[in-house]
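As a starting point, one isolated chain is supplied in structure tokens, in the form predicted alone.
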Amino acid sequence: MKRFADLFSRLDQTTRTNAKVEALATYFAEAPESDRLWTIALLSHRRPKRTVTTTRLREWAAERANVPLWLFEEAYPIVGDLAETIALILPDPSQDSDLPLTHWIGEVRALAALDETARKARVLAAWDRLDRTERFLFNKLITGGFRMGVSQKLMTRALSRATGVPEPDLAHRLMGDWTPESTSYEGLILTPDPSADLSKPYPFYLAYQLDEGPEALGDPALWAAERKWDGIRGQLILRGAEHHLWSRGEDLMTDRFPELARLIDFVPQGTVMDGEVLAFRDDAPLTFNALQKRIGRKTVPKKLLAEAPVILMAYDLLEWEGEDIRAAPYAERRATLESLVRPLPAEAPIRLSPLVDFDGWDRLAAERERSRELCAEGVMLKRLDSPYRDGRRKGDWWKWKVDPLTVDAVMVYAQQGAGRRANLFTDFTFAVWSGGDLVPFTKAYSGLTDEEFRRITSWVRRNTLERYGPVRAVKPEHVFEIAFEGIQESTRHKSGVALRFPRMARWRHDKPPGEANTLEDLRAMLAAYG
């Protein structure tokens, strides 16, 4: 654990990418193999499940530190992190330990099988053998909220430096349904068996946002364009007489969309396609709201299957006849995909994402403006000669999204943030007018600068009307422009609407509260875009 704690400290004390890569590469070269494997798992979001509630941890820490629970609770929001608060408040350990990370992860996982008395004894014993940084990490492992401020891409780069395995190969090896219990460092990183996991997806290629328009990309003839569909991006894998569907976040979604199982009858084995899972009926995509009803469900009732059937809108081919073809130019991959999908009958739950016809950037801009009426978010631009790469790479793929919807709203509630923003009010509730009343309709916590957050924090502290636990009701004086990607009907909210991806676009110092939008404005948007 000491070696892992030292790695964490080195990563936490620098913002320089090269320094982080060097620290990780040194660790991967020197740490025990089991610790390397668990570190890779933690950095690729494969964390142990939570085994103790945060309520119990707070109680046990306050008791061990001999401080009243109320005092601990007052300190917690100031520190901004529960694991750190506990590590700071506990007395110094009476013992020392040099046990590895793998041992302590085993301790965390073993807690799940114990009764509360035994859990408490094991946690207290662990706290008494770990120094402050080690305790912090142990607490993070218990709560299941472990983060180290390192992207998987950066971790892959460091692992490549330590092992000599090329980054793209490592990115692929780290995909799929593996855990430290199901594999070894040797089997995952150094000598993987390509046939061991037929469900393994390829790393997704991610596009950069195009903010200024496509003119700087040069000759339009070098590019293909297609719709940026508003669904769930997925990679469909057909190997070994089975099918598997992976989300971009490496979530195995196969059972959530049973309609796609029929593709086994239409698409040959040894095929991997990239595309968008869309709710689709009457040969047209439905809104994301229709698909959202199915998100998170592991079993889908027949009624919902009928209301929101899904298809795969395929737009790229990564594996064909069992061969990885990602290095081939996009134009070639697209041609092969067309030859595969176009002849399929209408009952096959798959469609070919049509290319957008344009002969100049002005024409493409006009097509982009049509996106919402087609249930799309904008257009995608892909160089005809581009390979299918891994991760977010600038140059070959761009997304040109439509401008967000916006509404002007009045801030009515404020709540403090967490982590480095624990001393600032960053989470706000906004309202619109209905008659002479302000009706809350959404929350937002991003979009302002640090300076703006400091200014609004100072104002909130001077203008609090009431307190409801951590939430403060404030004078309805400030108007903010709220940007969002979509709107839908909601029975859970008093306003009757819910926004998709709301954020604060700007602070409207120029607008008095009485000129904010109304609930009728939101309902009109719902009718147009819901």
Partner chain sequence: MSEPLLIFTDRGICCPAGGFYIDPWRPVERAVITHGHADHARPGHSSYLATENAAPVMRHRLGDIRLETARYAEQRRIGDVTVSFHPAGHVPGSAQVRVERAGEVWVVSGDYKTADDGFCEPWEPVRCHAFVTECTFGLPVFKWRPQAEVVADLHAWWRANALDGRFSVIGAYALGKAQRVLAALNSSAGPILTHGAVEATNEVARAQGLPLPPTVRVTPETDLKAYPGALVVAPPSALGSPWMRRFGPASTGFASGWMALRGIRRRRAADRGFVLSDHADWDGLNAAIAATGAERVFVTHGYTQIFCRWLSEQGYDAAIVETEYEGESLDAPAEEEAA
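It should be emphasised that the depicted structure is a prediction, and the values quoted were computed from it without experimental measurement. Positions refer to the first chain, counted from 1. The term rigid core refers to the maximal set of C-alpha atoms that superpose within 1.5 Å between the two forms.
Here the subject shifts to the form predicted together with its partner chain, a form of this protein not shown in this document.
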Point to revise | Partner-facing stretch of 75 to 83, 328 to 336, 107 to 115, 347 to 355, counted where any non-hydrogen atom is within 4.5 angstroms of its partner chain in the model of the complex | key: 75 to 83
Practice item. Indicate whether the candidate residues L71, P91 and L424 are all in contact with its partner chain in the model of the complex, with contact defined as any heavy atom within 4.5 Å. Key: yes
Review point. Does its partner chain come within 4.5 Å of any heavy atom of R147 in the model of the complex?
Key: yes
Review point. Wondering, does T518 line up within 4.5 Å of its partner chain in the model of the complex on heavy atoms?
Key: no
Check your understanding: Can you check whether F136 is within 4.5 Å of its partner chain in the model of the complex, heavy atom basis?
Key -> yes
Exercise for review: Tell me, yes or no, whether A505 is in contact with its partner chain in the model of the complex, where a contact means a heavy atom of each within 4.5 Å.
Suggested key: no
Study note, to complete from the structure: None of H45, K49, K494, R467 but one has a heavy atom within 4.5 Å of its partner chain in the model of the complex; the exception is R467
Point to revise | Contact residue in the model of the complex, from N289, T183, T271, Q416 (heavy atom within 4.5 Å of its partner chain) | key: Q416
Review point. Hey, which residues along 12 to 46 are within 4.5 angstroms of its partner chain in the model of the complex, non-hydrogen atoms only?
Key: D12, Q13, T14, T15, R16
Check your understanding: Just checking, between the shown form and the other one and with the core aligned, does V407 shift 2 Å or more at the CA?
Key -> no
Review point. Does the C-alpha of A505 move 2 Å or more between the shown form and the other one once the rigid core is lined up?
Key: no
Check your understanding: For G270, is the C-alpha shift between the shown form and the other one 2 Å or more after core superposition?
Key -> no
